[in-house]
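Next up: just one chain, as structure tokens, the form predicted alone.
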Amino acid sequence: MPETPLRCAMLALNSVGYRSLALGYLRAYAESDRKLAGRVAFQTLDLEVGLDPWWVAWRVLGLEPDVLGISVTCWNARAVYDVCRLVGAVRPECAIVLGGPEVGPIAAEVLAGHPEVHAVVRGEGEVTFAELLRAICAGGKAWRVDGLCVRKGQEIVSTPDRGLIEDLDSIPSPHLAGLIEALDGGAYLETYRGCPHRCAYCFEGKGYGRIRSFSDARIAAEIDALAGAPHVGSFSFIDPVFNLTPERLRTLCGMLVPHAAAGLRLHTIEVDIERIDDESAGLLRDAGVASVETGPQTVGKAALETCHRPFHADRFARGVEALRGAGISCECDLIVGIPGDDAYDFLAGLRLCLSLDPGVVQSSTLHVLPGTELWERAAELGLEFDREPPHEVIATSGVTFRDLRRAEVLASAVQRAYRARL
């Protein structure tokens, strides 16, 4: 009699209008694993973070999963934990597996605090998750799989770290495999993993050590697939720096130009704006870039030093000017509550951004994310923050709780006024 396939539900709680690239990668890799062929049946639930967790749990339980895999970020974690608690209460035999930047760096803490969760994937998840499914199909012993924090009876066990995936093309493309619904403005592509920067507040690139790229052929095929998808007039890239090198910028823009000529647009990409000149701004314009997102995050000298961020105001201003001359809107980001800043530093950053008239000025409150340097050095830096996700800063050694809230209100008012300008 044929073996009944393991039912694996994969859940993402996304921002409105987006689909999870992370789950697409995990499923595409697992479905390509010959040892799992015919042994696992996958179902993806790409839902929105604002939904009632009870309703989400109802959707999950309707699939009667044996395994539930969930991608967790700081902004969906509370809803995810609610769903896990409900699913665990109704279907305790379901193995709940979490992964993502919110849980990987604090995996043991997550398992200790959430008894319904069976395992947490640390780091890159594609190979680890596939091997975990193999172990479950074979009857257990997940503690033999590298890259996990897992329960072994009453004990929480951390297995050895897993090495990085050397050949990123070994991960099948979820776009080319048809595993992600292509939504207009809500589709993402990734061309490399890692980050050239090591900002103390950011988890991007932590643990990667170096940048690894997908092949040009793979990237071109994915661009063609999204550009040819029905009703898709725009998409974006999740690369932390789109203009990683001049050569790579020219290559990517060359792939995009024919589609841009047909009307396709990139609604937002992240750039190192201090390396943008008239030539690179022109390349971005011809590639269909509608807007870019960039710093400065802060202009305070002490905060820049604490966060290991270089900043040159003249280069920054020239980059904004070059983009504006090419007809590209620039979203200048500021962060309220970076250690080392006081209220005057934040106001100086706000004044600088407004003086450049970039198109969009926006601010956010610092999130002290697990796995980042600020998380590890919070006590040393006098940084008080909420240990519960999304880990917003409460106060710093230089700014009180009350003054941080005042800065948030001021920034919100200024942003609205700037957007409403004639």
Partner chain sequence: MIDFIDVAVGTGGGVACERCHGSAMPAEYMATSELLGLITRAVADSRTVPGPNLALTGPEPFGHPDLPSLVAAAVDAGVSRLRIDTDASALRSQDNAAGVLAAGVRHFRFSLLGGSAGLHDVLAGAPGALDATLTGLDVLRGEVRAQGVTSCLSALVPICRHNLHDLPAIAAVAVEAGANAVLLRVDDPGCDLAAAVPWMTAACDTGVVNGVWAEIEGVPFCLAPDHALHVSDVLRARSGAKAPACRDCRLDELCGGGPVDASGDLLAVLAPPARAGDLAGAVSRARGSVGHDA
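Residue numbers count along the first chain shown, from 1. Since we're looking at a predicted model, the values are computed, not measured.
The same protein also has a form predicted in complex with the partner chain, omitted here; what follows describes it.
Considering Asp342, Asp272, Asp146, Glu116, which brings a non-hydrogen atom within 4.5 Å of the partner chain in the predicted bound form? Among Asp342, Asp272, Asp146, Glu116, a heavy atom within 4.5 Å of the partner chain in the predicted bound form occurs only for Asp342.
Hey, in the predicted bound form, is Leu51 touching the partner chain, heavy atoms inside 4.5 Å? Leu51 lies outside the contact set for the partner chain.
Quick one: is Leu347 in contact with the partner chain in the predicted bound form, heavy atoms, 4.5 Å cut-off? Close contact exists here: in the predicted bound form, Leu347 approaches the partner chain to within 4.5 Å, heavy atoms only.
Taking the partner chain as it sits in the predicted bound form, is Val16 in contact with it (heavy atom to heavy atom, 4.5 Å or less)? Contact with the partner chain, no.
Against the partner chain in the predicted bound form, would Leu354 count as a contact residue? Criterion: heavy atoms within 4.5 Å. Result yes; Leu354 sits at the interface with the partner chain in the predicted bound form.
Can you tell me which of 225-233, 108-116, 243-251, 295-303 lies within 4.5 Å of the partner chain in the predicted bound form, counting heavy atoms only? That would be 295-303.
Look at the candidate spot formed by Asp403, Val409 and Ala413 and say whether the partner chain comes within 4.5 Å of a heavy atom in all three of them in the predicted bound form. Checked in the predicted bound form: all three residues contact the partner chain.
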